[in-house]
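Take a look at this single chain, the form predicted alone, given in structure tokens.
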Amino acid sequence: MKLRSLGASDLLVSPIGLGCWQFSKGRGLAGRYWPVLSDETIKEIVKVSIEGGVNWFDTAELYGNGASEKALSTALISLEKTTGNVVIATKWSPMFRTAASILRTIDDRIRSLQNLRIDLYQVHQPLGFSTVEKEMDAMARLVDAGKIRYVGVSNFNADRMRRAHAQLRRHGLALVSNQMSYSLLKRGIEKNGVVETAKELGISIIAYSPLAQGILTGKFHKQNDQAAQPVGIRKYLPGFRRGGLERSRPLIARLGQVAEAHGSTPAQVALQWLNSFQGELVVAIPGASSAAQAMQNAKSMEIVLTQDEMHSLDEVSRGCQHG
């Protein structure tokens, strides 16, 4: 498996990372989205991911108010995977805050990560009380202080990406990544200028929700299977309701056909398509709430799709979009 450079940085990452929202321990508003995982389960998920070739992990302040960061770092330390042999990305939450908060709260992030190095620090949303420029100025100060290595953003449109990139350039730095919702069922960034701008500026796209929160596994399309019914907030989302599932059924069928040809699963094919269709521009961070899921995610990196397979999935998916 070939590692990829994350943007214009020396960070070399596997095409699949591990998203760690589900490590939130049920804390905070964001943490209530997932069931509480034990420390032992989290350790096993991280261990299996690493054994499968995953070398980087994405977490955030918002995920349980630091609970995910602490759970991840505890697992990595217990596995003797410390600074230098894994890549850690986390995020600052801008909600109801100014850019000054980036500087005030960085030591909290470092404590939650138990002094493991922050390789990539990202602005989680474009919803802060300061300008993009002031946020990038604050991030540049953290790079200068040696508290983070590189700067990324999340959920930024093309214009905000350009502004962030331009401001970091004034400090002799580069914007490394933009983390966006992107999957075979959600391809809006191909049309709104984000992908085009990322290619132009040399910015990696980190795809979150790459399996559309599980829809692309195909399990929710099974008839009369109570275990395959969505629970919690997901059951109210359009994609999980009967109409949404019917709209995506042709894509699930095509994913199944390709998966059968490769001795894999629809989810693995969906992940590998995402990692291949735009060349090396996109890396993905599926989550995992069990070691088995983590293993399946990692094994997706072993699949090599043909051009015909990628284009057929492209065509079918265009009629199944969720936004």
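Small disclaimer: the values here were computed from a predicted structure and weren't measured. Just count from 1 along the sequence shown to find any residue number.
There is another form of the same protein, the form predicted in complex with a small molecule; it is not shown, and what comes next is about it.
- Annotated contacts: 9, 137 and 204 are all free of the small molecule in the predicted bound form [non-hydrogen atom within 4.5 angstroms].
- Of the candidate stretches 76-84, 196-204, 212-220, 93-101, only 212-220 has residues with heavy atoms within 4.5 Å of the small molecule in the predicted bound form.
- Taking non-hydrogen atoms only, residue 300 never approaches the small molecule to within 4.5 angstroms in the predicted bound form.
- In the predicted bound form, the small molecule sits beyond 4.5 Å of every heavy atom of residue 121.
- Not displayed here, the small molecule is kept clear of residue 66 by more than 4.5 Å at the level of heavy atoms in the predicted bound form.
- Using a 4.5 Å cutoff between non-hydrogen atoms, residue 258 does not count as a contact of the small molecule in the predicted bound form.
- The contact residue chosen from 48, 267, 30, 282 relative to the small molecule in the predicted bound form is 267, the criterion being a non-hydrogen atom within 4.5 angstroms.
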